[in-house]
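Next up: the same protein chain in two forms, each one alone, written as structure tokens (structure 1, then structure 2).
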Structure 1
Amino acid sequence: MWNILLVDADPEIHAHAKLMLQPDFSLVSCYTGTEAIESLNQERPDLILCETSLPDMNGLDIMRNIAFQAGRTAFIATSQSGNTHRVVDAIKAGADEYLVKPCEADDILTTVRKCLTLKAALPYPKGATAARARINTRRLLAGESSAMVNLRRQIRAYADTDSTILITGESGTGKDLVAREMHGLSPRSEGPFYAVNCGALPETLFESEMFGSEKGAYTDAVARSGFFEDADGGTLFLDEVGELSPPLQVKLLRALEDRQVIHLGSHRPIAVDTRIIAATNRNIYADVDSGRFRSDLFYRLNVLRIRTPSLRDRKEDIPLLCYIFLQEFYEGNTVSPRAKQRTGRAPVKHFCDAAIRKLAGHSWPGNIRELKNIVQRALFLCEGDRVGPEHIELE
């Protein structure tokens, strides 16, 4: 039976919850944040259903309090208000869902069952690694749109396997972040992670860079390992793999098939234990049909498949992404010098609803990368604490 901790100051909420959730779920009731934390010190529930405004603390502090502890607890935040900033705060704290009260019984049951089903099917790894992985996913692959929920589900499902993965998607959608997150959640997380931009490797250097070389193999050549060997025991991320020329595709195919590399200037094969994740922003299927990309290499790479969603397909995530980018720029001290001179410090900013509406109306050809640039420009243009539509410069 699933264990649920309900934290709310309103006795009526607890009475309704007992009628609604029992006997299918085991329910523990707490009326203050202090009671909830004491309960959590005794036993960890499977799910916390928590009001954000408690008599003694912000309910989201409970989520923050357990974020770095072992295990995985689903968290549903509830509140009388559904404004953008409160929702953003809840997601930032780690909430899986946000419900605005008064909630219909069916909505609560559906949300509870969804969170618990996901917890059962795709549990997070245990210990500090779990908390770190969760925070990284929320920050770097943030969003509660169905597209992003599905993406994170795929990442967690594929992380434990050594199978090769092909990530497709438009430029600026975070394919490199998906690869890094996959590595971070995998049993190889303590091993090396190497990212190689295949489109930037000159053909003359491809073999030595990828597979290594022996001294004297070519002019000024020294004995050295390549990326495949360097990533042994870890992950090798082949970004823009669709840009490889046909001759280089053949050489890559051979290494993938044999799981061995041969240094340039040598005949001795070297076994490698390297997981391969490849990515491309090209229409790889059209390239295979046209003969530009080898079908045998495609099928070798396309064992497991992930497509990163474009920003125009997940516009409901824009408010959260804006918040995350603002936080990133403040942490990196990217602030307006004039604002600093006038106030002595950088004013904390937020995006007003009109600014968010303007952003939501854009087509986003540059995806997340374009949004990040726009947020940074707005940070310099706005000297107060409110980013309005007049500060949004779209391409």
Structure 2
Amino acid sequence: MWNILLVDADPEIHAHAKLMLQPDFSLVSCYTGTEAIESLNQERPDLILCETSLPDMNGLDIMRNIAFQAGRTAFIATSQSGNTHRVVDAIKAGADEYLVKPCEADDILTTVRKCLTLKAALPYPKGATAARARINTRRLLAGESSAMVNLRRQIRAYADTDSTILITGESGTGKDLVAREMHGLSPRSEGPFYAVNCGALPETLFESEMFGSEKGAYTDAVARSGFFEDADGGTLFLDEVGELSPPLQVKLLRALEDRQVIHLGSHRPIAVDTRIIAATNRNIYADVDSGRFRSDLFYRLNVLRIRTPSLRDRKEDIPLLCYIFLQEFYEGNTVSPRAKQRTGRAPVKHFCDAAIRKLAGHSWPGNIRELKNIVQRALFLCEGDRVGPEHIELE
């Protein structure tokens, strides 16, 4: 999961960010520049979302402070003012993006995702040891239903091989986690893990991002390696592979068949030893039947297959998941101790039966992602130590 550091003096911004970002990102909250720098000394986030005018300093100074890390940590500057000079200052100082407040939730999410996708050249987990990755992913892929026990057994069995795997399953069922766990348990766990969202990668960038480029291959092209090469000795996770257009499917197929890549603007093939895990939430079998997805690429990817179970088929896991999200919300590293003090709330201790029954009655089209969202919102709404059905807002 990506780590985001939010620096802003306004508590309301933190409350919104929590609702919006925390389901998918791990969020650390700081209210002053000093706090932020302290926090940065402890842990390096993947992205910093920072107000430029802070009570104790100019937010851009935080970025200058971590400039030596530029390229690894994405920086989005926010400000009340869209004044050109301020925007130019921020970009000159190295900010990746600039958002003028008040911003729409959608804008923030799109910008955050865009920055992270462009920074996706970060191995997972950044700086952490493989052992820690294993513990993290194991803890994240929770569930004691027979469907989950089987899934974990399948992951362990497949982790040892180098075969390509296709993970199918509805959105929010944990396909990402499965891929990460598979890498963490594999003999490649010391190697890099790269995740590429094929649906978010612009068509024109696909080749250079995946296979690399030579200087001058196109306007502004620099010499660089692509994801296939970067993940050499490790795992490349091709998420949303069903979204690739037919011409890109051909290019991907060629790389998989030849086990080599050619930089854009070059003729020299480079051999790569990269394990491929692909995932899609589309009905890819139907796409193959209709000719939307090439059958030769499908057979290349579908050597081993894993299907992540939908939450409605394993509702017995709901109470356990609720408590895991509860623990993450209060005891995880997602909220800094200071921010916790600030919220001034008694931590919720339990979910009453009626609340669990209400959750169990829902059909969960958004699966675990939706459950996590709803639980976090309930914890946010709940002032006492017991979550009741009145705190659960189903969509």
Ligand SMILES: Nc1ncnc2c1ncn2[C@@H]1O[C@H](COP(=O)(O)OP(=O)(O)O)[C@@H](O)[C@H]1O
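All values reported here derive from a predicted model rather than from experimental measurement. Take the two forms, find the largest set of C-alpha atoms that superpose within 1.5 Å, and that set is the rigid core. All residue numbers here follow the sequence of structure 1, with the first residue given the number 1.
The first of the two standalone chains is derived from the form predicted alone. Relative to the superposed core, R357 undergoes a C-alpha shift smaller than 2 Å between structure 1 and structure 2.
After superposing the rigid core, the C-alpha of L253 moves by less than 2 Å between structure 1 and structure 2.
Superposed on the core, the two forms differ at S29: its CA moves 2 Å or more between structure 1 and structure 2. The rigid core superposition between structure 1 and structure 2 gives a CA shift for H16 of 57.3 Å.
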